[in-house]
Each structure stands twice: as structure tokens, then as C-alpha cells.
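Form predicted on its own, single chain, as C-alpha cells, below.
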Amino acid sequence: MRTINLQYKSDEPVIDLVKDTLDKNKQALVFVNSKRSAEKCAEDISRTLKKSDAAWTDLADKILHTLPKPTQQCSRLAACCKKGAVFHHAGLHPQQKDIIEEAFRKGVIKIICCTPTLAAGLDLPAFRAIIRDVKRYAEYKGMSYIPVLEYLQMAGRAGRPKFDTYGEAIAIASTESEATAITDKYVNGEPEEIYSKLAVEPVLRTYVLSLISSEIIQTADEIKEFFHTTFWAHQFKEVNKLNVIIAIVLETLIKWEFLHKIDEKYAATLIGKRVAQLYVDPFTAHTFIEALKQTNVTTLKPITWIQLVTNTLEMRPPLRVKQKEYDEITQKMVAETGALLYKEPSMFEPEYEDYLNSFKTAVMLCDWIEEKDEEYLLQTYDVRPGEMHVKLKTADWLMYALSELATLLHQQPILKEIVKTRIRLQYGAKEELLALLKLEGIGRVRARKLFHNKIKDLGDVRKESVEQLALIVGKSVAENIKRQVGQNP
């Protein structure tokens, strides 16, 4: 530890440190505890920076137009970027993250206000890691100190060997007693123990099925021997209890018909092999299979399949139902009861809240396939474009798994509906646009423009002149789609 003397002496230590960093022609990451805080911190800093730069303006324009229709978040980020300070968190679109990270590596952007997600795995030329918040809100605990390991990850972003000979990690304290507490806990304290993820049941059953399906392990002795050499076994120490846990997982996988036992050897069934290849939690696959068997007693709609995938461990965290929207969400859920394959638990059961949250997530995704844009989703559900991107990627994976299981179960009549819903999720489009979405280079925006101009399928594309198509989607796109339907433009 050492003392840093600053020429700036305002009531905002973060801004003083940022100005000092810029005076040194260095770069800094400012770590805060939430997405909203990162945005506000970047705005506060940008207001104090008087300079402007043409490169920042160009970056701001790229950021603003990443999405077809910029959201309020895009506008805030672009406005900050014009002053040379930006924010970075999980809510940003992946392309916006890439733009920011690349600009920081090149030294064009020198200040990023970010959440701790930026501390994991990125090698950036930050001379300083300014850790403004060492506390974060946790449910049932209130504001609590972050783990030491998380602090070390953030501090470790400063002074990377490839960029600097040394760096500075600075934690902000408002009082002397807080400074002492931070020093004791984070500078002189010990990191927390690292625990094996194999101890988590979904992970264990996934690996057991995968290892047996790959024929890496087959007998009970081989299974025990394999897991006894893992870090999990080293931590667990009680071998008998470990064997009991593995035995329960094996029995469960046999009960779900993903494994069968011949003599003393375990082997994966046909459907068990496919589940292992899909790399979904076997519990999720079992739930899908049981739900698919009930489709003859359900009114099938897009929300049928969407709610099926949102109520899984893989889709966590779901959107949380706020107190003010509780009645609205429950009413919508009652209205869709006949279309849901997951039956609603009793409101007195512990699973009820998770179920309600999963339903809200499904409603949000249903709005997406009804062509609601990112700004609508941000304002209505507080879902940022980056978070939406992650949800859609996960939903696409799970919808594919669902379609594969439906194929194996010979559920051909409903397979078409599942595939249709998956495509609508990929594009965020209504069913009427599906024919046009088959064309390369046509997303939901261009497809909607074509549809509004009475071009509704590939036959209409063939009939229309390339000149008329060019007025709607541009010359190069018009020529491209003409070639795709077998015509020379």
C-alpha cells in the first residue's frame, strides 16, 4: 500500500482519480456494484470532461446504431462515449461490448465504468482499477461485502504485464474506519475456499450421463474410481456418502430411462445418448419428455413451448415479478392455463415464485415474437439488449433440444410447431413473416417492409421487379434475394 497525492480535491474521489489518470495519459476501469450505477457513474464522469474527439464521435455513432432501433440505453452510452467515458455491463449488446473493449485496447477510450463482469477473463491495458463499491445488495442480507476473490479479480485488472510495469488498485472508503476494514479484509485478508461445482446435483448428473454415454466409465467400480480422483472427492472426504450420492444419481438416470444396466455395466439408452450430446441437464430433458407426452390434452400455442423452456434451471435467472405487477402476471397466467404444459404449483409451495417468474419471462419472449422492439422490452420488463441476447441464445438451445426429443419420441405433428416457435424466437417475428425470413439477408425489419408492400412469400419475390424491390430493401439486397429465388437481377 502507498499514498497517492492528487491535485484534484473535490467531493467526488472517483472523478478526481479519473482526472488524475487522464493527466498521466493512462487508462482506468471504475468498478461499481450494479448496471444502473455503471451508467450513472459514466454519465457523471462524462459531464466533467470538457474535451471532445472525432474518434469518440465515430465510436458513439457505431454504438448508437448497433440495434436497428436504438434504445434509451444505446443513447445514454453514445452520449457518454462522445466525452471519452463509457459504461460496460451484462445489459449491453455483445457488439457494443466488442466496440468498447477494442477501443479501450487501442487507447481511444480511457475510462470504463463497469460491473465486476468485466473483471473475468479480459486482458485490458488499465493502469488503474478504481473499486468504488466493495459492498453489493444481496437478498435477505442487504448491503454486504463482496468476496475477497471478487476484489482480487477486479484489482488484478490493473497493470497487466503486457501493457504496464506496474498498476494501481484503489478501493474507495468514505471513513477511516471503512478504510481499515477494507485493508484488513481485502489487502491483508485470505481469499475464500474454492468449491467444486461437481457437488451441484445438475452438474453431477450431467457428467455421469456424459461419461457413461461416451463409454469412458461403465461399471460401478469405474464410476467410483473416476469420481474419487476429482477435486470434489478431495473436498468431500467422506467416501461412503460420496458413493451414496453417485448411486442415487445412477438410479435416477435409470428411472428416467436415460441409462440401463446390463450385467454389471451401465450404458446409455438411445435417448440418453442424445440428451448427453445436447448437454442439457437430464432433469430438464426428463421434464421435456413428460411434458411432450401431455400435448394431446393441451391447447398448443407459442407460449406452450416458450414457458416450457423458461421454467428450467438453464434459463435462470428468470425475470422477477415485482409487487406492482403481481396481479397482472397472475391474471395472464390464469388466462393461459390451458396452454401450459408445466402445471401451476400451489401458491403456498416454495416452487410457486419460481414458476411465476418463469411465466413472466415467457410473456416477455412472447412479446418479442410479436415484434416488440428492444426499447419496448427495456421499458416494460427492464430487460436490456445484452440480457435479452443471452436469454434468446439459451432459449434457442433449449428449443433445439426440445425439438430433438420430440423427434425421438415420434411427435411429428407437434415438431412443426416447436420449430416454428424456435424460428420466431431467433428473429423476433410474427408467423406471417416466416416465409420471407428464409431469405439470407432478410431479418424481421426488412421482412416487415416487404410484407407491408404486399410481398408475402417467395412467389411474390419472384413476381416483383428488382427495381421495385430495391425501393423497399435497397439495390444490393434486392439483387441478392432475386438470385436466391433463382432469377438473375
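Note that residue numbering follows the sequence shown and begins at 1. Since we're looking at a predicted model, the values are computed, not measured. Note that the rigid core is defined as the largest set of C-alphas that superpose within 1.5 Å between two forms.
One more form of this protein should be noted, the form predicted together with the DNA, which is absent from this view; the next part is about it.
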Partner-facing stretch of 165-173, 392-400, 362-370, 332-340, counted where any non-hydrogen atom is within 4.5 angstroms of the DNA in the predicted complex | 392-400
The DNA: the contacting residue among 89, 83, 205, 93 in the predicted complex [heavy atom, 4.5 Å] | 89
The one residue among 344, 417, 101, 382 placing a heavy atom within 4.5 Å of the DNA in the predicted complex is 382
With heavy atoms only and a cut-off of 4.5 Å, decide whether residue 323 touches the DNA in the predicted complex.
-> yes
Considering only heavy atoms, tell me if residue 444 and the DNA come within 4.5 Å of each other in the predicted complex.
-> no
Hey, in the predicted complex, is residue 314 touching the DNA, heavy atoms inside 4.5 Å?
-> yes
Is residue 140 close enough to touch the DNA in the predicted complex, meaning at least one heavy atom pair within 4.5 Å?
-> yes
Listed by sequence position, which residues of 246-275 have a non-hydrogen atom within 4.5 angstroms of the DNA in the predicted complex?
-> 274
2 Å or more on the CA of residue 337 between this form and the one not shown, with the rigid core superposed, yes or no?
-> no
C-alpha of residue 72 off by 2 Å or more between this form and the one not shown on rigid core = no
Rigid core fit then residue 379 CA moved by 2 Å or more between this form and the one not shown | no
